[in-house]
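Below you will find one chain, with nothing else, as structure tokens; this is the form predicted on its own, and questions on how it binds or moves follow later.
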């Protein structure tokens, strides 16, 4: 029994999730001691609501990083797909439900994701370079072809969906209320589906295998090109869904509102233990890291820290996250070299 416990503790000590959880717990307790408001029902609902869009973005970014790539185009992709959808529905005076908007945005997101997948998968170009270029292309289409400007009104179906709630939490002390958006269900469903896909399907295993070594994945029988292409289509659809939710919750469509979110999202994914070189990571760690970023961005004011310092703390987390990931890769490579030398001697 002692042996099993020691083995379990040893395994846990090598993973990032327990450390991220402890850091999260310490931060939450610190905010609670300082403000007395962190664990209030309305604040917890606010944090859960603030996690929906970054959480969806993080799921897509996680898949790309695990496959050995880096995607910096998903905010621009989401912005273009949801802006084009909203503008078209407004121009046609659409009065129906939100499902048409979601389907349209997902379709556009799939096409834009296929654009990335074509160059990364079939032409074997570096993911970072392709997505840097496609990000500029998507922003250029939005600004040029669509003549983008802030849309202060959105179709009625999107407006109603954005204001609908599962329940409302009230703070008994301050009297403040917060609502849990119905859109949170979309986040939970996507999270569950991606988890099941990565854990129990050959396609999900292929993503991990490609991140570990493309050559080894090919020899093992995985379709590297096809897997990458389909994965980027999925990432485009998830990002587009996040864009629709963002617009519905904000009750307006701003063409540049989501631009610049990519570094914080990638930082959260890496903080959660996803190897920046690919092949290793868990959705649990991804969500814990993203939650840490969301809490830092939304709860510093409860600590009495001015909002102007938010970028400093977020930047520090980015440096720490990438530093820890790089250190783990170096340590892992060193361990492999030592084992290889031992085997040569034996």
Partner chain sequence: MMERNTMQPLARFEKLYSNDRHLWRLIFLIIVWMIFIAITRFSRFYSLLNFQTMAAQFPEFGLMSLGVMLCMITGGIDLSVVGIANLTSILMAYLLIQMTNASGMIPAYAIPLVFVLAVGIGAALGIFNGILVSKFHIPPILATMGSGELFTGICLALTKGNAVSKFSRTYARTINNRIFDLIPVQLVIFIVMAILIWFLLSRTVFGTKLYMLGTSATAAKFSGLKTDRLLIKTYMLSGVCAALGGMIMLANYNSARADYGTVYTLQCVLIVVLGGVNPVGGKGKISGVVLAIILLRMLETGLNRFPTISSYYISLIWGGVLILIMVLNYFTENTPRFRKKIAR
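Everything numeric here is computed off the predicted structure, so don't read it as measured data. Residue numbers count along the first chain shown, from 1.
The following text describes the form predicted together with its partner chain, which does not appear among the structures shown.
Note that among 98-106, 118-126, 161-169, 82-90, the stretch whose heavy atoms approach its partner chain to within 4.5 Å in the model of the complex is 118-126. Its partner chain is not shown here, but in the model of the complex it comes within 4.5 Å of a heavy atom of residue 145. Among residues of the shown chain, residue 39 is not one whose heavy atoms approach its partner chain to within 4.5 Å in the model of the complex. Residue 249 falls outside the set of residues with a heavy atom inside 4.5 Å of its partner chain in the model of the complex. In the model of the complex, residue 70 approaches its partner chain with a heavy atom inside 4.5 Å. Against its partner chain in the model of the complex, the set 21, 27 and 47 makes no contact: no member has a heavy atom within 4.5 Å. Exactly one listed residue, out of 191, 225, 137, 182, brings a non-hydrogen atom to within 4.5 Å of its partner chain in the model of the complex: 137. For the stretch 274-288, the set of residues having any non-hydrogen atom within 4.5 angstroms of its partner chain in the model of the complex comprises only 276.
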